[in-house]
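Heads up, the chain below is alone and in the form predicted alone; it's given as structure tokens.
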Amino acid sequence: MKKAVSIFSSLALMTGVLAGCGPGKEATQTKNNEGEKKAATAENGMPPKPEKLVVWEDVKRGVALEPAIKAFEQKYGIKVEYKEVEMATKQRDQLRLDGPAGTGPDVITVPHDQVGQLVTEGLIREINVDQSVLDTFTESSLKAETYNGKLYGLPKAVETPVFIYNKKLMDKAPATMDELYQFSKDFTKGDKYGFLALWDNFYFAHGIIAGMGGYVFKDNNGTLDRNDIGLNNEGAVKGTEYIQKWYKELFPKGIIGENGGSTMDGLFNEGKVASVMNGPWAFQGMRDAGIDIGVAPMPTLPNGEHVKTFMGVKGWHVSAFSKNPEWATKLIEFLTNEENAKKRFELTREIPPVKSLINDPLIANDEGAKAVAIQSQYAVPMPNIPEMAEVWGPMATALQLVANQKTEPKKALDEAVKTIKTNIETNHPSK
């Protein structure tokens, strides 16, 4: 930036000196000066550098952004300001107001399942990056940032459910669900349970249903087909039958419904449960309760397939209102590179979907982070199209009926899919 300012000052001085020259010579000199200024501020085909870029970061995450910003400013001479804004809802809502008003950011961070809605509303723009940048990330994390076959962001962190166990009650994580089932049959007595999971909640149940062959919306090369729903196909029915088996034979009734999560957490933290399916957000509470936890990827299913858990991706996105989209894209490339992704993990424990870091000692020696990184390779990004909003309610109803053994899986799923399709047609009419 100092170099740009120096050149600009020199140009101003030269303009004064040349004021007495003939008009033709002055016009030629001015044109040359403008070309020199443009050449000085552009870089590798990039447009002229802006004085400043603005980033919205999630609350309590700025500490991880600061070293990356400092390095970016030193490398490119562009000042970067950041503001902490709650990620889940407030960034999206505030961009709707600040973007059109010209007071919004160049870069925002949001959960990937909001991407479709943000694109539909014209709030974020497609980005173009080199293949070498794309090769940095896991395939599933990039898929999460893709909508209708176009890339709208770069991933900064992933989370997905994993297998968590009490080392005092279980020596090591089982390799298969069949082994876990046998362990649970032997261990479950009275108020002691071998394994618990919130499979009446579709977020968690999806791993079993998808691992058996079900799917939410058919993925056609990066475009999700809202008209092709696979939640009542043969695989989905088999997965739901498997879920019902656990509820019928081994799970307590108390983990069904709204209070299921707190009940399961309480039992585990009291040392009454040997293992659970839960996410990295639960680690600290378990440790605070004095539980020596072990963490591993989910055991494989009876069909030999991996549990295809839902994956959530937090990403960086370029505002559609940014006046410097190329440099905003350059910034998010920089924020997500290997060095800065590693630093973010050190400071926030957010797990980066950067392939080269999965075996880095920093993550490989962190049992929880390694398990999430490995499980993420088998995970499925939550659908990021607006129609996904119509899936949660009907599937929750179906799964609770199945968990309570009040309805056969096939009937419950057929009814759920019928409701989902009706709601999609009503609330998301085809254009």
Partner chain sequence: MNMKRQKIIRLTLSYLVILAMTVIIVYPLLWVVGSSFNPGQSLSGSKMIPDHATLAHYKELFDTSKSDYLIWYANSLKISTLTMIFSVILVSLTAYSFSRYRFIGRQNGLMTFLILQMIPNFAALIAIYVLGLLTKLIDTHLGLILVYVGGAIPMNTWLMKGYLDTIPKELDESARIDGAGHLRIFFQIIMPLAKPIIAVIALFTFIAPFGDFILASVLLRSKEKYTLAVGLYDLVAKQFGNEFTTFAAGSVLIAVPIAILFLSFQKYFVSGLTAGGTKG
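Definition used throughout: the rigid core is the maximal C-alpha set that superposes within 1.5 Å between two forms. The shown structure was predicted, so the numbers you read here are calculated from the model rather than taken from an experiment. Residue numbers count along the first chain shown, from 1.
We do not show the form predicted in complex with its partner chain, though everything after this point is about it.
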Heavy atom within 4.5 Å of its partner chain in the predicted bound form: which of Asn201, Ser322, Thr138, Thr109? Asn201
Give me the residue from Thr300, Asn166, Thr263, Asn233 that has a heavy atom within 4.5 Å of its partner chain in the predicted bound form. Thr263
At 4.5 Å by heavy atoms, is each residue in Ala101, Glu258 and Leu267 next to its partner chain in the predicted bound form? yes
Is it the case that Lys90, even though its partner is missing from this view, gets within 4.5 Å of its partner chain in the predicted bound form, heavy atoms only? yes
Does any part of Gln94 reach within 4.5 Å of its partner chain in the predicted bound form? Heavy atoms only, please. yes
When the contact criterion is heavy atoms within 4.5 Å, does Asn278 count as touching its partner chain in the predicted bound form? yes
Classify Lys83 as contacting or not contacting its partner chain in the predicted bound form by the rule of any non-hydrogen atom within 4.5 angstroms, answering yes or no. yes
Only one of 149-157, 193-201, 70-78, 334-342 has residues with a heavy atom within 4.5 Å of its partner chain in the predicted bound form, and that stretch is 193-201
So with the core overlaid, does the Cα of Pro105 end up 2 Å or more away between this form and the one not shown? yes
Asp58: CA shift of at least 2 Å between this form and the one not shown after core fit? yes
